[in-house]
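Single chain ahead, written as structure tokens, the form predicted alone.
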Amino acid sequence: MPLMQEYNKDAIKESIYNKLLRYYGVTLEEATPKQIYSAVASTVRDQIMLKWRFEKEERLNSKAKRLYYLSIEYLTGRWLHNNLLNLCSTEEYSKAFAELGLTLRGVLHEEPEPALGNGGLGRLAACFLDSLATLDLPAMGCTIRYEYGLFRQRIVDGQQVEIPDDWLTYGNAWEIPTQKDAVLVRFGGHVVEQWVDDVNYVTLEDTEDVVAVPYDLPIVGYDSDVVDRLRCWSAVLPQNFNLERFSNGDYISSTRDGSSIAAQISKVLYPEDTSYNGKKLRLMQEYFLVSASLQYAIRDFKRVNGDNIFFLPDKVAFHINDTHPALVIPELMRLLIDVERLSWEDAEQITIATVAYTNHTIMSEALERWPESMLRETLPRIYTIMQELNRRLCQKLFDRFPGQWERIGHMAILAYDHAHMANMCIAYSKAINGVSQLHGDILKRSTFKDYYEVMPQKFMAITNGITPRRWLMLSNRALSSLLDESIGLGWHKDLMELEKLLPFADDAAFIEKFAAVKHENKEHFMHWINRHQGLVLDPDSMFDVQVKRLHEYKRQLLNALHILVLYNRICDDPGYNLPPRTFIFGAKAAPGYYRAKEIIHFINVLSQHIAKDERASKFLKVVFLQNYNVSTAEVLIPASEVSEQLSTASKEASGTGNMKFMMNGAVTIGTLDGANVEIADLVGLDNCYIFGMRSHEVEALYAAGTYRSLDIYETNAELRRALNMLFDGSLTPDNPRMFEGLYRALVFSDNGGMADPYLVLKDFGSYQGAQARLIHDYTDTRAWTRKEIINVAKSGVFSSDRTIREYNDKIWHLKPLVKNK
């Protein structure tokens, strides 16, 4: 029996007609745009299901090892277009749409933006799933089915306003409720121990229970027979979960609940944790994800492989994406000891052999810690297991470092009234990796130096990657077509073939074609932003872009202050000219992150101030993209010419935005931080703009404790003037001191802390110099386009396919599912 029936344009048209009639009782002419989208998505889903059957059957038949990739977020982007691309069906659907009087863009517009993620961590996880399926590797991504995600951002009077992102209002055409896999997750209660024949049986009583209900999203591999899945867990109360109704397809009434705990667990991504209750909710979310996923994984292991749990490491791999799912370790211990009745020693050995951990940051606030009292109250059995894990660990550390109590305390899981999740991940995982070569080195020599001395064999670096399907083939059709015409189709499967472009970097005809593609993409974005925000952009201006999560270490403020300096130069000198330049920002700030929200406000005030100046507005335009998301990135990144990657050296683990911009021809201006180091090595310093302190210099400066940003303020006149404008009324005459907080944070230390902790002023002069070189080079169109071509040609190493191969070779050891021909 053939795996796939043919989905040609006639079959697609017939399916759409039939679904509109069966589901809604309407003809194509009567259908609303949302009904048409739903019918199209359902048709595509039918096509996917035929492939999904192969994955299920082949994994069962071959008893293949399976990866569970646990991440608190997945920033997937819309699914329809990506699914069409990976099914290699875009052309047939476009033909069908044309004959139906539809357009691909019109149908795609109706799909809501999934609110399952926020930033680079979630986008990386989504790229990984795409590559896992494309490489035919059996995997399941695990996360929470957030009803509202983080939030939908609105800019009102220049300031961020958060509103609920009700993306599930019309349902999700792709998700498949999987009622048979629902499990119970237990919170609170108290531990009861009962000894029977020298065996300690541990149970929990008086718990507050939640049912975890799974919704599966198919993950289609590019031109592959494998369909993996992203499992999203939704929380409901047991007394409000009617399994009979759920099994009969009545998903809404079967899971109706008014409980505060159930309603909150799967409500929002990253609940505000400045309060005790908010922090506790985050802890509950993380345990909910972990417990549900592990319970299912063990159940599935037994279904496929039988009851011998000692084979678990041979058939299952759990991967912890940052510390949010760190509770995998004590939860797996709990299941092995309390449910499977293994000894502590056997359970520990299996856990270490099965679990791996990726670290994504050296920032102390992101290395999660939980108050011990909160753990004890919320997860009492997990806490007792962590106590024993800590006791055994500290005994081993004392044997290695006798009498060095401070050092042991720094490495402990439970210390100073807190649980240190990164320490637990390192001590009880088989592998720990950084996400760029620089980041891996920093983990070994600084962040986890003591652990590296004890267990160096665990540490490695695997540089991040991005999927070329979404970030080149889908989002940049014009460039993809030019690549196909110039170097063939081999790069679709092997992105390293982009190196074949290098000879074209000096080909005048190709340079002209490449420049035309970039201009076409800029015009596309110009029309997009006019439709969405009513802004008018000049496609002949330089598009200079900084889009990423708003955090002080990412230094959007450095960019904005430089723009203000340029503005002052234009105003002061009638003879000063520079190429017209559009600065584009996009970022969300966490709701409780006041300083980040203040920076957003400053950027928007700066934008308005420049727009009012007749002369300056001819050269400069500042744009802030409202509610920046994956769909926006797909339009913006192909149009970008300059990629601003300004993080304080040693703070950004890798970055993936830098890779997306590079792959689409933007030239990087940035510090030697994260994967910028590798970008600079690949393209050479002539084809990017590197500035600022190096990571070892930053670390030495922090260690010395002698940095005084006031010295720089006093000696750099242009910078001093720009900083003074934050509080002298130049920008905000009605409220002169509106941004005094930003000024003071950069110039004066408060409460004994260091002023300018992210070294904005320290790196400003070097940034100015790099910007001056960039502006000069941009005026030579041919030479600039050559830089863009070289960036594309050298971007192949940043394919997430390469990244996943490395993970699989070094850590997971999965075998591809292969269809018998």
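Because the structure is a prediction, the values reported are computed rather than measured. Counting begins at 1, following the sequence as shown.
Another form, the form predicted in complex with a small molecule, is not on view; read the next lines as being about it.
A residue is said to contact a partner when one of its heavy atoms sits within 4.5 Å of a partner heavy atom; residue 435 meets this definition for the small molecule in the predicted bound form. Although the partner is absent here, residue 73 is a contact residue: one of its heavy atoms lies within 4.5 angstroms of the small molecule in the predicted bound form. Contact check for residue 221: every heavy atom lies farther than 4.5 Å from the small molecule in the predicted bound form. At least one heavy atom of residue 119 is located within 4.5 Å of the small molecule in the predicted bound form. Here the chain stands alone, but in the predicted bound form its contact with the small molecule, taken as any heavy atom within 4.5 Å, falls in 265 to 273 among 164 to 172, 605 to 613, 265 to 273, 409 to 417. With the partner omitted from this view, the residue of 598, 338, 552, 368 that lies near the small molecule in the predicted bound form is 368 [heavy atom within 4.5 Å].
The partner is absent here, but in the predicted bound form a heavy atom of 656, alone among 656, 134, 664, 143, sits within 4.5 Å of the small molecule. Each of 282, 324 and 652 places at least one heavy atom within 4.5 Å of the small molecule in the predicted bound form.
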